[in-house]
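Below, in structure tokens: the form predicted alone, a single chain.
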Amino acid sequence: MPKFLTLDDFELEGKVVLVRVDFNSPVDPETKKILDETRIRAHGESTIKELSEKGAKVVVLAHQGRPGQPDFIPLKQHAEALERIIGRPVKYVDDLYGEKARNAIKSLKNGEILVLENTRTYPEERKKRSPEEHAKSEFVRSLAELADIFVNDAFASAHRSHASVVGFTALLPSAAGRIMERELKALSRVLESPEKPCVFILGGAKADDSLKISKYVLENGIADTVLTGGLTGHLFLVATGVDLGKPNMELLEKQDVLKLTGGIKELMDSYPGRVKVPKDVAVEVEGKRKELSVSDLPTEYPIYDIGAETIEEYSRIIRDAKSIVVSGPPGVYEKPEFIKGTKMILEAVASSEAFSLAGGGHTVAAIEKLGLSDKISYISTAGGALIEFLMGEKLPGVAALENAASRTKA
């Protein structure tokens, strides 16, 4: 039973609905043009379109980039893209909560959609404050007094206690939008009551969160097995006493993750056989792939993938799984010679009968590159929020919705 309210819990016709989405998109630093409309499409085709069709007066809040960065641009392009995607008129105002924005909200008719200016033009938007503290700000108060309902659809921003993410929940009846609802239901399925065996695949180019995730899912009986690859696999191998060789050790040192090896060893000793590390690896020798057994390490060459023996062992474990979570590819799939590990592992996940959840930018990009998107049960577009959720952290945006729901039900 969800602990938050959804769009189904509200009568929406004629209501002014503030909807916080995550439109944050890659931007060309030179032309300032949006390069990818995936997030705009996701929110537009689900939550925003539904609100409009149900006769709500839809006021869209979103951020883009960070102040001082090349991708910090107004939301005019986002509004134009949204209009094109959903085939409905979308208004835009270059104001966030001033007179221009307030007048635009007051003049909305049922079903109309208005995109306000980038929430990060408000200087205190990114201050870490409680919902109640943010609710006292002029930004939140002035918009809340014109609205009937707040909808948070921005799971990808839910790990931030920002004004537009949590502030309105303290003042308005609040619900999860369809993207937020889907993300939370999919994540709950693998973190609260996963079908067993449950397998976590941790890879990618960042290894700093791998210990926290592994520890949380093993200690709480969520995962039966953790498979490691990518830089995470390298780090876990080092924790078992393996010297990977100069270029690979230097890379881990540069990422400042070698300090985690003590904790990793302790975890692996506490859960013998439950955390799998690569048995063989693929290195680059003069542009070509060469596979080495772990017993042949250290190597002077960079390690870019897992080897055939590891692929076979991991694929067998995946075949027997009933729930699978993929966070990070097991190799440098961008290099044609080293896509093998990622391809074989993701194909094993795709052909499995298990409920599979995959997330993180590189994971999603690899899945799309291999044409496997429709064979994964759920693909999360979130980055930091997903990682924090997998580590067992309470996300401020989600907690705020749950608190608002308990007040409404009371």
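For every residue, the number given is its place in the sequence shown, counted from 1. Because the structure is predicted, anything quoted here is derived from the model rather than measured.
One more form of this protein exists, namely the form predicted in complex with 3-phosphoglyceric acid; it is left out here, but the text below deals with it.
- The shortest heavy atom separation between K33 and 3-phosphoglyceric acid in the predicted complex exceeds 4.5 Å.
- Although the partner is absent here, V217 is not a contact residue: none of its heavy atoms lies within 4.5 angstroms of 3-phosphoglyceric acid in the predicted complex.
- Taking non-hydrogen atoms only, V275 never approaches 3-phosphoglyceric acid to within 4.5 angstroms in the predicted complex.
- Shown alone here, R120 lies within 4.5 Å of 3-phosphoglyceric acid in the predicted complex, counting heavy atoms only.
- Per the 4.5 Å heavy atom criterion, 3-phosphoglyceric acid in the predicted complex is contacted by stretch 154-162, the sole one of 154-162, 208-216, 311-319, 231-239.
- Along 45-68, these residues reach a heavy atom to within 4.5 Å of 3-phosphoglyceric acid in the predicted complex: H63, R66.
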